[in-house]
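Only one chain is given next, in structure tokens, and it is the form predicted on its own.
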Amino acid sequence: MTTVLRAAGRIPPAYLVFAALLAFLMWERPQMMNPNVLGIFLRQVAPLGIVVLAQLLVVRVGSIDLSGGGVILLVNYIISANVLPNAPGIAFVAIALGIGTVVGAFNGYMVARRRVSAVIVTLAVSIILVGFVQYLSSGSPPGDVPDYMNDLFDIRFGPVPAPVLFWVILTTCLAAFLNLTVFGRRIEAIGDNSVAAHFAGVPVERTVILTHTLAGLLIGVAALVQTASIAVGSVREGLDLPILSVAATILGGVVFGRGQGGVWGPFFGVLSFALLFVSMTILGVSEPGRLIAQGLIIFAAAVIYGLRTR
């Protein structure tokens, strides 16, 4: 019996939450199980899903990244404020990926080389970027994004929206990367025991920097998807994604300071958020209620984290 309970305790909570919410929807509103309807809600959480991929990478090496909100806001401003008039789409892609990569590399350098707290440095970077955007925009939303970005966001492959398919492909690629490459094994070794990994010849400092850099690159991708999803400029959109990504990552079974935890647990953590939004829409829950529900999930994730680290 004890063995069974221990095995159950190793199941990522995200799977259980997802199953419970799915059962509720099938019982309360079976018509909502239409793939086209669910696709609409899944499309809205695709940016969060990509940020979660970045978050689980740094969490697995005992770090964290809270700078994503600032990166997303800055990329959104550059694209929507006509900073580069008549610029081709590829230029915006390069800018977004470049900003994310540079911010990620800076975070990694400060965390790994300068030994600064990951929470402090990444949160400070986010605040600086948010302040910079608000200064440039004078606190007002800048404008609209190019039509082609919204058109790309609305593409469907059957019932599957393009952003959801893109998110699934990225998740699959990251899973393969972590499981099949030397770099992935280094991340696991550092998460298990960074001191032992160092004495085993693993370049801990360099690996942590590169992990943050890769996370920043993924956040740059998320910034593009998020900007396409809202189709307008914003001075607030996306600021909650880093905290939600931490919650989804922990619900998915990834624990700070351990190399354990896969990619698909956090993936289902994000799906759970999507189903939660559907459920709250069905129940007529207003925006304040949704914020309270998100806060409760984050609190629950913190409790789960505490239990798993005992």
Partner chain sequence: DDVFIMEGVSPHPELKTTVEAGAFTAEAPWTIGMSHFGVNANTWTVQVSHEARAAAAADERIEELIILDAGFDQAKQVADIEDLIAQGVDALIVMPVTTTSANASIERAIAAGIPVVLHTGRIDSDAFTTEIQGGAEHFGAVMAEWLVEQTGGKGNIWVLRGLAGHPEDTNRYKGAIEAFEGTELTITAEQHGDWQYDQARNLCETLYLSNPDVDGIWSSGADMTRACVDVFKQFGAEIPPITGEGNNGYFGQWIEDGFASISSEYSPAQGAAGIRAATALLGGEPLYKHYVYRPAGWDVERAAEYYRDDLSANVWWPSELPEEKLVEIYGK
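Residue numbers count along the first chain shown, from 1. Computed from a predicted structure; not experimentally measured. Superpose the two forms; the largest set of C-alphas matching within 1.5 Å is the rigid core.
One more form of this protein, predicted in complex with the partner chain, exists but is not displayed; see below.
Not displayed here, the partner chain is approached by Ser229 to within 4.5 Å at the level of heavy atoms in the predicted complex.
The shortest heavy atom separation between Pro163 and the partner chain in the predicted complex exceeds 4.5 Å. Although the partner is absent here, Trp264 is not a contact residue: none of its heavy atoms lies within 4.5 angstroms of the partner chain in the predicted complex. Among residues of the shown chain, Thr172 is not one whose heavy atoms approach the partner chain to within 4.5 Å in the predicted complex. Contact with the partner chain in the predicted complex, defined as a heavy atom within 4.5 Å, holds for exactly one of Gly98, Pro159, Gly89, Gly143, namely Gly143. With the partner chain left out of view, the stretch that reaches within 4.5 Å of it through heavy atoms in the predicted complex is, among 214 to 222, 231 to 239, 90 to 98, 163 to 171, 231 to 239.
Of all the residues from 153 to 177, those having a non-hydrogen atom no more than 4.5 Å from the partner chain in the predicted complex are Phe153, Asp154. The Cα shift for Pro141 between this form and the one not shown, taken after rigid core superposition, is 2 angstroms or larger. Fitting the two forms on the rigid core leaves the C-alpha of Leu291 displaced by at least 2 angstroms between this form and the one not shown. Put simply, Glu287 and Ser229 spread apart in the predicted complex: their C-alpha atoms are 3 Å or more farther than in the form shown. Compared with the form shown here, the C-alpha atoms of Ser140 and Pro88 sit at least 3 Å closer together in the predicted complex.
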